[in-house]
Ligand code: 0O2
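Next up: just one chain, as structure tokens, the form predicted on its own.
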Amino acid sequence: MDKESALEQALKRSHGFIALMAYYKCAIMEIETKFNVLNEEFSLQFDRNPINSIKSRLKDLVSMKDKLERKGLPFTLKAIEDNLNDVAGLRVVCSFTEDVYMLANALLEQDDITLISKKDYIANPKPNGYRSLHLIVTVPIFLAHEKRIMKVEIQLRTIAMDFWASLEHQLRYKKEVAFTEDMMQELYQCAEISADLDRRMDALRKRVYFAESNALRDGGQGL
């Protein structure tokens, strides 16, 4: 085992690191609970669930170390907590694009949530076609004898966006294959098709709800 690996292993086994990761897990639970509550509320309001799934993760130690090194920062617990915004992460997969913004706005209106940064890759997709709404927020966690403010990265996207992003990651990072310009262009075209699918499904959703509203109104008048 080389010196760096020994350092990583020692930090991973330390009480401080274990405690910090537990705090991040608690922050994830806090945010996930908030989204579950919103999902339940909106299901009553709209007679459907805007959230399809929620996935969470903690950044692994090697990724944290690499990111700190790229920033020219030391590999310490303080540097992790002060300078990394994405140690705790949630991915919220929604049914429609409108749901993404509705849920994000509802979360940010809560008085214990503070927005650190927002990147809207739906309105402004990345050059490769990637779409998602990224939020970095802080949320308080309440421990036995203290309150801690923890950072969480949240990605909100539709089912179609998540499908594209998941497969793009699998294809693009095959180590034994050089990713060509033609392949990148094909991925971009798939992203455009995915975005068009979202637009068409959202338009269809509006037609269905409009027809349903008219049917309920006409039925009520006939009583």
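Residue numbers here begin at 1 and follow the sequence given. Since we're looking at a predicted model, the values are computed, not measured.
There is another form of this protein, the form predicted together with the ligand, and it is not shown here; the text below is about that form.
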query: Among 98 to 106, 122 to 130, 73 to 81, 144 to 152, the region lying within 4.5 Å of the ligand in the predicted bound form by heavy atom distance; finding: 122 to 130
query: Check all three, D86, A165 and R172, heavy atom within 4.5 Å of the ligand in the predicted bound form; finding: yes
query: The ligand contact at R48 in the predicted bound form, heavy atom, 4.5 Å; finding: no
query: Exercise: K65 in contact with the ligand in the predicted bound form, heavy atom 4.5 Å; finding: no
query: Contact label in the predicted bound form: K59 to the ligand, heavy atom within 4.5 Å; finding: yes
